[in-house]
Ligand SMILES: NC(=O)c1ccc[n+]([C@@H]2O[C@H](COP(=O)([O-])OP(=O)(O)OC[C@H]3O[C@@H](n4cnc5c(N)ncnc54)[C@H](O)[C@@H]3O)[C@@H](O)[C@H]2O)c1
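Quick setup: one chain, the form predicted on its own, written in structure tokens, and binding and motion questions come after.
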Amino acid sequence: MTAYGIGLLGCGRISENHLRGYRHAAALDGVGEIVALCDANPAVLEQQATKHEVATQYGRLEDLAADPRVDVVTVLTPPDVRCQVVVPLLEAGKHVLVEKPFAHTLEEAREMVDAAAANHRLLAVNQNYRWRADTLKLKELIDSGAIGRVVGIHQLHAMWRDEGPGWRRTTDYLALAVMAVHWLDRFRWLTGDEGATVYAATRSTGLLQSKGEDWAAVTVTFQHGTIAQLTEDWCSASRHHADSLLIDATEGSLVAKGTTITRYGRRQGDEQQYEAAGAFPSTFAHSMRLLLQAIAEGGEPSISGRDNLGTMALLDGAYRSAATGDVIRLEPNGIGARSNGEALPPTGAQHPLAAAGGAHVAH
């Protein structure tokens, strides 16, 4: 297989996981090599280039895009400028792996997907939580039929995360966009299904220095009936001690806490435990590996930008629901909730949350 040159755009803190993952001798199976780094901040650029022994450094996007040795660019910029840099890279003939969240808005995500198609380039999103050891084990158990058909999921993620200087402190899109997007994508990945409705509530408690929401609750109904609930809490003194994932299904349940997954059968005492642990940077390398394989084989990776429109639709729907108090209905393909800036009209069936007085059906 051809060896592809990889460039990284953005040398902030998330770049460390990408660089560590890619640099591992076997991480990319010999088909990918870091050849250039790019960042407008000379200090962070020099720091990462020296630490990871990358000789070629650029301070401008245009120079990175013009380097013929660079076949693929990993884009690690803040979300609000993603579209501004991804589209020119695609137009320059580069394949692109984008950090999550894919974009600042669903419309921008669609624009990038269209640009990739127009320029015959591949575009992928680093939804690397799909490759965590616990997610892989959960996926294996669900797909094998070990617990039957999934009917409900509840994810609690509670930590103390007070952001330092940088875009995360000032953005209006915080807990949902930075972390909950992982869980929303994992709901899609585990169920193999697309969202039908989204209802969410958010708040900024004032306990943190960050401007954006630091507490959020989201309910997603999927097209085949699964209900998934998510609590994303950035201001909990429990500091991850309460974190858990519960998956209920027709033949049993799964509970994931830390690196331990417990499968419960319908009969009391029928349970089995599994340990699932792995190196976090390897998940970043696997996302890149999938993109490189797709480039070589002429296919599309499972984490393609097109696939991620389903995740962005859930994220977009959650923010719109939190702003309006409405239940947001998604299009039948799960990709988006509007074509003209408004929510889709109701079908006439009242959502159970609306019936309980928690929201109104999208209008």
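This structure is a prediction, so every number in the text was calculated from the model and none was measured. Throughout, we count residues from 1 along the sequence that is shown.
There is also a form predicted in complex with this ligand; it is not shown, and the following applies to it.
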The single option of Trp234, Phe284, Phe187, Tyr199 touching this ligand in the predicted complex, heavy atom within 4.5 Å: Phe284
Heavy atom within 4.5 Å of this ligand in the predicted complex - residue from Ala158, Val85, Leu208, Ala115: Val85
Stretch in contact in the predicted complex with this ligand, which is absent here, among 97-105, 147-155, 255-263, 134-142 (heavy atoms within 4.5 Å): 97-105
Complete contact of His24, Val54 and Arg289 with this ligand in the predicted complex (any heavy atom, 4.5 Å): no
Exercise: Cys11 in contact with this ligand in the predicted complex, heavy atom 4.5 Å: yes
Distance check, Ser204 to this ligand in the predicted complex, heavy atom within 4.5 Å: no
Any non-hydrogen atom of Asn41 within 4.5 angstroms of this ligand in the predicted complex: yes
Close approach of Val81 to this ligand in the predicted complex, 4.5 Å, heavy atom: yes
Interface residues of 155-186 toward this ligand, as seen in the predicted complex [heavy atoms, 4.5 Å]: Trp167, Arg168, His182
